[in-house]
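Before any questions on how it binds or moves, here is one chain, the form predicted on its own, in structure tokens.
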Amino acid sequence: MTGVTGVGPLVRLAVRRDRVLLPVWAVLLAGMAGLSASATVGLYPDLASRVQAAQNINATSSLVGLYGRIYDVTALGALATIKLGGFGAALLGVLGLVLIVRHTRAEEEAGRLELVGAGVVGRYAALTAALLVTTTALVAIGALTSGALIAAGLPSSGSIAFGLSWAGTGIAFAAVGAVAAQMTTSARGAIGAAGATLGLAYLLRGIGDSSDPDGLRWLSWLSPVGWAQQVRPYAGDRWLLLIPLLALAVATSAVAYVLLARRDLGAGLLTDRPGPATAPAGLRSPLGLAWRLHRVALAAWLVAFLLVGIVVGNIASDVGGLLNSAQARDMILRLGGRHGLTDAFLAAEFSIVGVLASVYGVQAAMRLRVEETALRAEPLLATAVSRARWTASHTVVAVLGTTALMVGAGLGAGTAYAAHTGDSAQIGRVLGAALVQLPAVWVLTGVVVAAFGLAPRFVAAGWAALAIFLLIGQLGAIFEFPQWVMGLSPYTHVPRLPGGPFGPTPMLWLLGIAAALTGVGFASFRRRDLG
């Protein structure tokens, strides 16, 4: 037996476990890229309009910091993929590190890897299988994305370079996740460490791209996300810059193998600190325990949302100069809002922020299933803690957590916008535009809670619902989907504030649906067996 004995069966097991997750991500990412490119082709039909739009983007430092720079203002593909270049590459990085941790440290933490390792399985088999599955999945997503962009009418060479830059970034951060899985003793800690590394890389890229040429522009070259954007799809196709991404992935994966050989099963190279002998008062209730489990992740999300809000508020103050072409004005007005370009821009951006808040809500609610399968729920429920009280603890954190995220984004955007306009009344107005997204966000949380109670094996239906609603809600208006299709997405019923009409009826319906789904989950969990 060698160190990689048993890789084949572990690969098949990983593929079976991800048979829903991976197709959803692939369709969502490739579909978003293709549909976004198709919309841009129609919005900028001539060279003059795309040059003007590209120059306006490059002249707005907050946009450059968020998305990156357009290196060829005449290239339609460069303009069509500007929002997808750095941000999409970061999403692939998140997917890569989550997949690696899911099939290594998470399995080890749950005790399943110890059972598998007791058979004819080598020491390096689990890590090797995880790397193979993750790399294959990311390459496949990159290929699908290239195909979607080519189908949208963009040049083949640039589309292939774009797909490879996406895949390369994801593979590089998957290797970072492999190293984090060896350092920590929990999947949550590994994802947090690898995610923080990804966040730092994105921040360095943003600072570098938005700096003057004689300033801190060099910081972009310290970031793998920056390397991916420097491939410059549709603006030169610098294929050689894919090599640093590949080299980083290979070197970091090698480090992960070395670290794996130096630690015991179940242990991490960074040991956990011993806790106090007596639990504090905050841990003497299910809600206190749920808060303890979620607080680090929620804090990281809250900081990110606050920063996103500040960027959105800064961009909103310059949106009049940015959107001075009739096609771009039409796009923003169709995405949201009716009274003024700035209000329309804020409404459109908050609809996207609401979707991102739903990601946290789904993730937080799915912690119910994680605690159950890890056998940590059973000891709690063996005490005087009722099933409804335990379920409510994580549900409350998910609901209040999404509320905190939207408050952070709204305050960040409102404060930044008010600072530019000198009108402090804009803070409350913009905050209200953020808060109206919450009923739709809570519907997604309710979907997860309902699935947890009714069919816990399919709790990942929350991700599938999010992908479907995202495609309908964000792209339906552009492609003129039938009204009944648009109505399937809760995001379609959210008032387009600020600037649009507000009616309480859709909000009440969304709240009622969210409450009904949550109630179904609570009632069903009371009647089913654990596990």
Partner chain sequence: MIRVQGLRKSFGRTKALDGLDLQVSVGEVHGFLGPNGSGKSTTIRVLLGLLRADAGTVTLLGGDPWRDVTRLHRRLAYVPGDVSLWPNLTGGEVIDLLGRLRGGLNPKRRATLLERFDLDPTKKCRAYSKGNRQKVALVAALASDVELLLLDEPTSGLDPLMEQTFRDCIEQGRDDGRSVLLSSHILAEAEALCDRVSIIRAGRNVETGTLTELRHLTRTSISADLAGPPNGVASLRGIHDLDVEGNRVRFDVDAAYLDEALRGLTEVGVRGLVSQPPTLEQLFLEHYGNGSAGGRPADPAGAAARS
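Residue numbers count along the first chain shown, from 1. Whichever C-alpha set is largest while still superposing within 1.5 Å between the two forms counts as the rigid core. Everything numeric in this text was worked out from a predicted model, so none of it was measured.
Not on display, but discussed next: the form predicted together with its partner chain.
Asker: Report the stretch among 290-298, 409-417, 233-241, 395-403 that approaches its partner chain in the predicted complex to within 4.5 Å, counting heavy atoms only.
Answerer: This holds for exactly one stretch, 290-298.
Asker: Is residue 384 close enough to touch its partner chain in the predicted complex, meaning at least one heavy atom pair within 4.5 Å?
Answerer: Flag for residue 384 set to yes.
Asker: Decide whether residue 262 counts as a contact residue for its partner chain in the predicted complex under a heavy atom distance cut-off of 4.5 Å.
Answerer: Although its partner chain is absent here, residue 262 would stay clear of it in the predicted complex, with no heavy atoms inside 4.5 Å.
Asker: Taking its partner chain as it sits in the predicted complex, is residue 423 near enough to touch it, meaning that at least one heavy atom pair lies within 4.5 angstroms?
Answerer: Output for residue 423 is no: heavy atoms all beyond 4.5 Å of its partner chain.
Asker: Please run the contact check for residue 186 against its partner chain in the predicted complex: heavy atoms, 4.5 angstroms, yes or no?
Answerer: So residue 186 counts as contacting its partner chain.
Asker: Quick one: from 251, 303, 281, 258, grab the residue that has a heavy atom within 4.5 Å of its partner chain in the predicted complex.
Answerer: None of the others qualify; the residue that does is 281.
Asker: At 4.5 angstroms, heavy atoms only, are 16, 122 and 455 all close to its partner chain in the predicted complex?
Answerer: No, none of 16, 122 and 455 comes within 4.5 Å of its partner chain in the predicted complex.
Asker: With its partner chain taken in the predicted complex, which residues across 82-109 come within 4.5 angstroms through any non-hydrogen atom?
Answerer: The stretch touches the partner through 109 alone.
Asker: Please state whether residue 286 has a C-alpha shift of 2 Å or more between this form and the one not shown, with the rigid core used for the fit.
Answerer: Yes, its C-alpha moves 2 Å or more.
Asker: Is it true that residue 202 shifts between this form and the one not shown by 2 Å or more at the Cα, once the core is aligned?
Answerer: The answer is no; the displacement is under 2 Å.
Asker: Superposing on the rigid core, is the CA of residue 223 displaced by 2 Å or more between this form and the one not shown?
Answerer: No.
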